[in-house]
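Listed next as structure tokens is one chain, alone, in the form predicted on its own.
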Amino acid sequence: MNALMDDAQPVYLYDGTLEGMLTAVFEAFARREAPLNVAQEHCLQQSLLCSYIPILTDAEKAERVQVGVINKLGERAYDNIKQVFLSDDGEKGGVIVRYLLYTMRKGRGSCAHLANPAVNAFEEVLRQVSKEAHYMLQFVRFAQLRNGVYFSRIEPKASVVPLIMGHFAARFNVQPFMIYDARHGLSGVFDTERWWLVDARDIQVPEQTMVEDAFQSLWQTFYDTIAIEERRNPTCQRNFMPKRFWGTMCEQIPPQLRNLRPKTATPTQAAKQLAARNQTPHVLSA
């Protein structure tokens, strides 16, 4: 049994913060070992073939790794590490550690060594996070709430709110808005002067304004009017607009639900009323 434990691959356990991840990198260099992964304990399915080593977050060690990466590999490399850290990939911790174990020894030029498995794996996760952030720039939808704030609810496959807030703050800088990531419990808030991140879970969202309902109704009418039924191609539509984003798009409410609405209600209001009565599984997110 002791021999088995001696051959066990190390897995570092950390608290889920960027500082905790950088502390794990520091320990990997200090112990001269390449952990199989760096992960949070509740995210792991433990194995007898691994030894699990708790890593206590140390701000000083994390800062030393940050400074070392910037000095050795450059600011862009450190930004890429922060971006990969935002991934939902359960193996991202091991990917980051193995990438740094290789590039910190080889120098700045090694960041482009895609033939190396560690660099290739890192670049693949980086590409996935960048792609998800790009999707959010295309498909984020804002709705005006009665409190004057423009609100968007998203469920991305990576925690990309920190990557997209600067884009929207620069373009919508005359109106307060909030982007709520329901999957990761994180919100980006902008008050027309600056933006910041807030931990948020199960938030209560005020109702939309009547003006917002009217605009959504106009957009739905436009969407239906320009459509050519004979040229309808659902497969092509899904290729350009993945179906997982349709829940926040008012035009994706089925036309039959819009036709059932009372004359005093907009299509969006009618869809919400029907969903509340459990008459349809199609729910439009606020």
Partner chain sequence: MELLDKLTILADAAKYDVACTSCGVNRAAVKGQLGAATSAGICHSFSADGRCITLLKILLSNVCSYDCAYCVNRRSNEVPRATFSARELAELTIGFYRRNYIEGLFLSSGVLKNPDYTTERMCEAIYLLREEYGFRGYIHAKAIPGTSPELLVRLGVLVDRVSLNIEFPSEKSLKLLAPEKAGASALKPMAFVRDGIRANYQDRRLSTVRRTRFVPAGQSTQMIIGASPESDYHILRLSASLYQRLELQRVFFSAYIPVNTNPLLPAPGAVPLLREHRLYQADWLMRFYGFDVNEIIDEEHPFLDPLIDPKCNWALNHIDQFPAEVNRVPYEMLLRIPGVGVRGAKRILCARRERSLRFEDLKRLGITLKRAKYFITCNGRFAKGVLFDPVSIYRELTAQAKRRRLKGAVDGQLSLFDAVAGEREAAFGVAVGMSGQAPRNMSPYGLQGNAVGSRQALPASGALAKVAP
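This structure is a prediction, so every number in the text was calculated from the model and none was measured. Positions refer to the first chain, counted from 1.
What comes next is about the form predicted in complex with the partner chain, which is not displayed.
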Q. With the partner left out of view, is I70 within 4.5 angstroms of the partner chain in the predicted complex by any non-hydrogen atom?
A. no
- Please check if E251 has a heavy atom lying within 4.5 Å of any heavy atom of the partner chain in the predicted complex. yes
Discussion item. Residue-level question: is L126 within 4.5 Å of the partner chain in the predicted complex, judged on heavy atoms?
Written reply: no
* Asked: So in the predicted complex, does E75 come within 4.5 Å of the partner chain, heavy atom to heavy atom?
  -> no
Assert contact residue (the partner chain, in the predicted complex, non-hydrogen atom within 4.5 Å, options Y223, Y52, F245, F29) equals Y223
Among L186, M165, M104, V140, just one has a heavy atom within 4.5 Å of the partner chain in the predicted complex, namely V140
Within 4.5 Å of the partner chain in the predicted complex by heavy atoms, the stretch out of 197-205, 108-116, 86-94, 155-163 is 108-116
Taking the partner chain in the predicted complex and a 4.5 Å non-hydrogen atom cutoff, the residues of 163-180 making contact are H167, F168, A170, R171, F172, N173, V174, Q175
